[in-house]
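Before any questions on how it binds or moves, here is one chain, the form predicted on its own, in structure tokens.
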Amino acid sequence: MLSGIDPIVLFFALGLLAGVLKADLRLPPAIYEFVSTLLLLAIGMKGGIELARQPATGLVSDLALTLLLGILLTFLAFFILRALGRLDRANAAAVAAHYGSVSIGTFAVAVAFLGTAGIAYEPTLPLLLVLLEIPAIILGILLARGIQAGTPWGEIAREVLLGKSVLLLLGGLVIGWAAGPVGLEPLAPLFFDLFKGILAIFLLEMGLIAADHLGGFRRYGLFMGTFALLIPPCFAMIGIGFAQLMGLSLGGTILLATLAASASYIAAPAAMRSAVPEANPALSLTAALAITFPFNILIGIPLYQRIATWLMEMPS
């Protein structure tokens, strides 16, 4: 018996193994769309319910620090990719945008991890998650193309702000805030009681998708594999530092560290495909989805929890 391992992680491992072995296993696209929609709405509504209970004191400074965090992570990733990896400007900017942005799937796993451990977190974290999507994508485009007349900013803004992930998270946040726990009680069996079961199905499919991108890692060599493994814990430490500046609790610190360590595979790929078509999407997706995502799910989140706990228990 593998004691201490969350079963939802084993669902991801099953999908990854099935994909590597080329097994006849794949969720129908409609099921994947359904479970991802439920996850995004559930995360947003949970945040909205708690947000309605809390004063907005300090929210402005937290939002400003979150924007600064997204900018800092993107610049750091771009510098490393250009200086050490010798990637061309377009590909370095595209990969940096992925790593400055966030993974909603990783956030969902971290939320479930905290729920199992009984660790509370601030209700503003879903809002910070949405906010972290934006600066990295804009900065990635600027680093790749500069400010040019031909840059399709309207289309990019639509991709970022009206894309499925951001729209459902913000919509869920507003619904949770407006309806409150009493109003959402009839929906709780679907969105809240079944959250971990839905997440397990989602991670099964993500394991299969990650396996599909492993070939890209073999093509692009040792540097990108090393980058995708070492950057998450380094960025997590930066996230912990920003969490301390915000005065977040242990749970909030773990979640912000996880967000800083994660890499986008939904919003950033869509925006980069539109704005920087010369960049190779396989390079970004292989690093983000086939390496960083499994690392964070299997190793990273428990590691960030231990580091955050140790740092916050140190005498000041």
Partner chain sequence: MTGLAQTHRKLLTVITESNLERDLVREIEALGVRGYTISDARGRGDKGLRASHWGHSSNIRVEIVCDTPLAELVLTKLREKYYEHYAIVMWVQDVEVLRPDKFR
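Residue numbers count along the first chain shown, from 1. Just so you know, these numbers come straight off a predicted model, no measurement behind them.
Beyond the structure shown, there is the form predicted together with the partner chain, which is absent from this document and is the topic of what follows.
Query raised in the report: Is I209 close enough to the partner chain in the predicted complex to count, meaning some heavy atom within 4.5 Å?
Result: It does: once the partner chain is placed as it appears in the predicted complex, I209 has a heavy atom within 4.5 Å of it.
Query raised in the report: Within a 4.5 Å heavy atom cut-off, is L69 in contact with the partner chain in the predicted complex?
Result: Result no; L69 lies far from the partner chain in the predicted complex.
Query raised in the report: Looking at the partner-bound form in the predicted complex, is A261 within 4.5 Å of the partner chain by any heavy atom?
Result: It does not: once the partner chain is placed as it appears in the predicted complex, A261 has no heavy atom within 4.5 Å of it.
Requested in this report: Using the partner position in the predicted complex, report whether R306 sits within 4.5 Å of the partner chain, counting heavy atoms only.
Outcome: Although the partner chain is absent here, R306 would stay clear of it in the predicted complex, with no heavy atoms inside 4.5 Å.
Query raised in the report: Heavy atom within 4.5 Å of the partner chain in the predicted complex: which of L248, I266, A290, L283?
Result: So the residue touching the partner chain in the predicted complex, by this definition, is I266.
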